[in-house]
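Next up: a single chain in structure tokens, the form predicted on its own.
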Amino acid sequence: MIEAASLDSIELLAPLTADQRASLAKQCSWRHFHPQEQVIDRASDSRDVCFIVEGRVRVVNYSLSGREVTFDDVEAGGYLGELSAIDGEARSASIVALSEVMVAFMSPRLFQQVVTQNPIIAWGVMTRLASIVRSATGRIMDLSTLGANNRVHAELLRLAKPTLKSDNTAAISPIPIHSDIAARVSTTRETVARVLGDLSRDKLVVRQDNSLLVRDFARLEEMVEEVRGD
């Protein structure tokens, strides 16, 4: 068992005092994971909440044929697993480490106690769940209404948006792997490669060091919205 570290980097727990976070840290189970190691198996009986203290993880599911479906990546400071801690039901997805990862596992009982005793934290959980629902609704619409090429455009737009600059450029870093994008939008690596090749020839995207630079964010956004009909 790894000695308890600090929960000070966890955004959800920021409203607590340092002493309160230290007390919670001592009540968590701590584990280190290597890249590609499974943090949570969807089939497990665990209902703990996972606080990502260091590293980066991916939320995934697998079809009966073994095809990977990617839902989201979560960086240090985030958390996962609250659904099972809230309703006691089975896990909805698996979690895989993308880098060296340090995780604090908090029991459902303790998580429920923290949430019910701290309205600000309860509001933070509700806000996150609302965000997940909105994101899922958008993805369902994209899968239902957009062709494969357009779904790749939409995913690039989503990845680029947080880094949008005043000069209408945005950088996706690190450069997304074709198979990762394919897993997010339910298509093939070959389709992703072809779409990125087309965007590169049209000078909308360009590789820059370890980033994919979107040179005209507004144009990429227009391409997506024209097809969506928004």
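Since we're looking at a predicted model, the values are computed, not measured. For every residue, the number given is its place in the sequence shown, counted from 1.
Below, we refer to the form predicted together with a further copy of the same chain, which is not included among the displayed structures.
In the predicted complex, a further copy of the same chain lies within 4.5 Å of some heavy atom of Pro119. a further copy of the same chain in the predicted complex is approached by Arg91, whose closest heavy atom lies within 4.5 angstroms of it.
Under a 4.5 angstroms non-hydrogen atom cutoff, a further copy of the same chain in the predicted complex lacks Ile95 among its neighbouring residues. Within 4.5 Å of some heavy atom of a further copy of the same chain in the predicted complex lies at least one heavy atom of Val115. Out of the listed residues Gln27, Gln38, Ser63, Ser179, Ser63 is the one that sits within 4.5 Å of a further copy of the same chain in the predicted complex by at least one heavy atom.
Here is the short version: of Arg42, Arg58, Arg194, His32, the single residue with a heavy atom within 4.5 Å of a further copy of the same chain in the predicted complex is Arg42. None of 171-179, 157-165, 64-72, 200-208 except one has non-hydrogen atoms within 4.5 angstroms of a further copy of the same chain in the predicted complex; the exception is 64-72. Interface residues of 101-138, taken as those with a heavy atom within 4.5 Å of a further copy of the same chain in the predicted complex (partner not displayed): Phe111, Gln112, Val115, Thr116, Pro119, Ala122, Trp123, Val125, Met126, Thr127, Leu129, Ala130, Ile132, Val133, Arg134, Ala136, Thr137, in sequence order.
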